[in-house]
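First, one chain by itself in structure tokens, the form predicted alone.
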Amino acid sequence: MAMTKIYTVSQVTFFLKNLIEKEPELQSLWISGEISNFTLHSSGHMYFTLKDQSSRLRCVMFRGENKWLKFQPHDGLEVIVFGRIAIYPKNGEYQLYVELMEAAGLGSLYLAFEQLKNRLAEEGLFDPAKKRPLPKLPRKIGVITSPTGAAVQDIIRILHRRHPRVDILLIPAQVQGETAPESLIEAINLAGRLTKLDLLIIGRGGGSAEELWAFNNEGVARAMAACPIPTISAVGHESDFTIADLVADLRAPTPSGAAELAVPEVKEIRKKINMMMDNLKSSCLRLIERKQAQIFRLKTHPALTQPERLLLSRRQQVDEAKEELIRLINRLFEEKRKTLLVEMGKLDALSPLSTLARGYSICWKDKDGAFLRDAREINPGEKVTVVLNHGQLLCTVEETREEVIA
């Protein structure tokens, strides 16, 4: 009986690994699916699973490949990836080594734009309250763009046509390509350190979404937000829209439009000044006419032409006021006198003297001065004083009677 060959796990794993890696179809293929279990490792590598309705495929995208991604992958995102199938010997599992990734449906560039826009909006970089007003008449304007492009020529030509005396400082920068964001950030930071700049224009002429992508860079957006100089963005054509447009204090549809928004036209300024001078002259003349008419009225006023009449009139008013005051005082005095008489009558009715005048008397003990109201309060032989309406009687009690006089 022939001896059966026994393989180790590693031998089987590497055998399958060689078979898969020798299959050209598995070494260069595009696969579509939905991302799940996405993990961004601290090393920079991305680990995730691609799935459809019935199967799952483990994937890895190393840092060297994913650093070119323009969007952030996440769970639930539909993508199309390119890579190769191989077996990871340690686990004996096959997986896809991803080299390229594109967002399905929306497109990678659009997805990256939306992700960055939403994140910066949440931070408040697009808040209208943070937009600074542009200077009415800037003296020195910085322009960040390519020094060889048509955009810079359009900006300079229109600025000088509208305002020949404005100073223009060209700060050259790359506006497309991989190094463009870094170049733009450096130019913006340089402009921010130039204290004599009144206004900053940043932009370029039209192009494809890829060519304009430097203006969708997060670093460029944050540099613009931190720049102390009011900024106009002028990227591409009117239909183009970038993150830089959202961060800038004002968005211009084109570089030419930015130049027109940056400075007013000198002819229009002169026209407005002349119009304002004419209006000022007219207003001054009308004011002088009104004041002259007031002066004439004052000159002819009786108070100035015949002051003695005004004095006599005031004297008559004083006399009339005096007479009226005397009448009011007399009337008030009479009202108070009548009130006093009424109150005096009430008081007199309650006075003991009035009681005595009607034939009554008041009696008190001499011993202690207590008033007598009852015959039982005194004994025979005690002395009393009786007060009449006129005079007093000093008496000695001989007898007391308790009968009440009807």
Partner chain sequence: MKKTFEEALLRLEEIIRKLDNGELNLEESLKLFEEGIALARHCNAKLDEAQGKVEILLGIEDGITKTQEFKIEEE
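Numbering follows the first chain given and starts at 1. Every value quoted in this text rests on a predicted model; they were computed, and no experiment measured them.
The protein also exists as the form predicted in complex with its partner chain; that form is not presented, and the subsequent description refers to it.
Student: Look at the candidate spot formed by Lys140, Leu280 and Arg286 and say whether its partner chain comes within 4.5 Å of a heavy atom in all three of them in the predicted complex.
Tutor: Spot residues vs its partner chain: full contact, yes.
Student: Counting non-hydrogen atoms within 4.5 angstroms of its partner chain in the predicted complex, say which of Leu332, Ala226, Ala293, Ile273 makes the cut.
Tutor: When its partner chain is considered in the predicted complex, the option within 4.5 Å is Ile273.
Student: Tell me, which of Pro135, Pro253, Gly92, Gly206 has a heavy atom within 4.5 angstroms of its partner chain in the predicted complex?
Tutor: The residue from Pro135, Pro253, Gly92, Gly206 that makes the contact is Pro135.
Student: Taking heavy atoms only, is Lys117 within 4.5 angstroms of its partner chain in the predicted complex?
Tutor: Lys117: no contact with its partner chain in the predicted complex.
Student: Evaluate Val318 for contact with its partner chain in the predicted complex, applying a 4.5 angstroms cut-off between non-hydrogen atoms, and reply yes or no.
Tutor: No, Val318 stays farther than 4.5 Å from its partner chain in the predicted complex.
Student: Is there any non-hydrogen atom of Leu194 lying within 4.5 Å of its partner chain in the predicted complex?
Tutor: Within the cut-off, so yes.
Student: Though only this chain appears here, would Leu190 touch its partner chain in the predicted complex if you measure heavy atom gaps against 4.5 Å?
Tutor: Yes.
Student: Looking at 166 to 174, 73 to 81, 253 to 261, 332 to 340, which stretch has residues with any non-hydrogen atom within 4.5 Å of its partner chain in the predicted complex?
Tutor: Result for this chain: 166 to 174.
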